[in-house]
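Shown next as C-alpha cells: one chain only, the form predicted alone.
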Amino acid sequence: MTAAELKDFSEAADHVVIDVRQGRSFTEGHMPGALSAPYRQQGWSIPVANWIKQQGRDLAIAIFADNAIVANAASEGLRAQGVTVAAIFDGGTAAWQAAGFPTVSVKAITVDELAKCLDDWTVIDVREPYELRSGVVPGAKAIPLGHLEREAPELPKDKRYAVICASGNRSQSAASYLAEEGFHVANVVGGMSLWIGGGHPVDR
C-alpha cells in the first residue's frame, strides 16, 4: 500500500489504522487518526484483537509500521486471532511525509513532572472502569478510550490535559486524538504503572 492509498483508506468509514511502532516513534510523529499499539513478540495480538472485536462493528484494519518484518508479524498475529488485516504500510513516517502528508506529534510528560505541577493539568484516565480499582491520580477524570470521541466535545479547550492509562500506550492514542481536535494535551509516559511505582498519591 502506498501513502496515498493509506490516506484514502484511513478516511473511509469504519477503517482503522494501527501504528505498531514503539511509543517514542509514535509520539514524535504519526499519521493523523492512527491508533498506537506498539508491537511486541509476546502477548500483543490478543488484547489488540479483543479491542477490535469489542467495537461492535466490522472494522477494516491497516497496519502502519516502519519495516516489513514487524508489519507482517503484527498482521499475522491479528489474523491468528480471527482479525482480518486489509492492508499494510511499512514505510513509516519517512515515506508518509515524503508523499507530502502531515504528521501529528504529542508532548510527552513523565510521572514526576506531572506530580510536580499536578494543579496545572486536568488528568484524563482512559483505562477501563475495572482498572480504576488499583487507584487513580487524584482529581483525574475517567473517560474510557472507547468513549473519548463521544465525550471530547464536552471538554473545555482552555485547559491543559494530561492523558494517562496503565502503561502509556492507550493514552498515546487518546492524546493524539485530542491533539488533532485542537486540545492542549500531553501523554503521561509509563502511565499508572510508573505513577504508582514512583510512590505518587492515588485515590481509591
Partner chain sequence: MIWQTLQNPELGCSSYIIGDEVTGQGLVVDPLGALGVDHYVLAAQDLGVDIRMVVETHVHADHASSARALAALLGVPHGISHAAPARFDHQDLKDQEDLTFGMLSVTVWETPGHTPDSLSFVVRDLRRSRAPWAVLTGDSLFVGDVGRPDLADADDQAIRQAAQKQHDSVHRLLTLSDGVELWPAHYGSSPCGGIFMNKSPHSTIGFERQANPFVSMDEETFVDQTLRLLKPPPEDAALLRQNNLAGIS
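Residue numbers count along the first chain shown, from 1. No experiment lies behind these values; they were computed from the predicted model shown.
Heads up, the form predicted in complex with the partner chain isn't pictured, but that's what we're talking about next.
Shown alone here, A142 lies farther than 4.5 Å from the partner chain in the predicted bound form, counting heavy atoms only. Remark: Q54 does not count among the residues lining the partner chain in the predicted bound form, judged by a heavy atom distance of 4.5 Å or less. Interface residue remark: I69 is counted as part of the site for the partner chain in the predicted bound form, having a heavy atom within 4.5 Å.
Residue contact check for H184: none of its heavy atoms lie within 4.5 Å of the partner chain in the predicted bound form.
Only one of the listed residues (P38, G135, G29, P32) places a non-hydrogen atom within 4.5 angstroms of the partner chain in the predicted bound form, and that residue is P38. Note on the interface: of 99 to 107, 118 to 126, 86 to 94, 70 to 78, the segment with non-hydrogen atoms within 4.5 angstroms of the partner chain in the predicted bound form is 70 to 78. Contacts of stretch 89 to 117 with the partner chain in the predicted bound form, defined by any heavy atom lying within 4.5 Å, are made by none of its residues.
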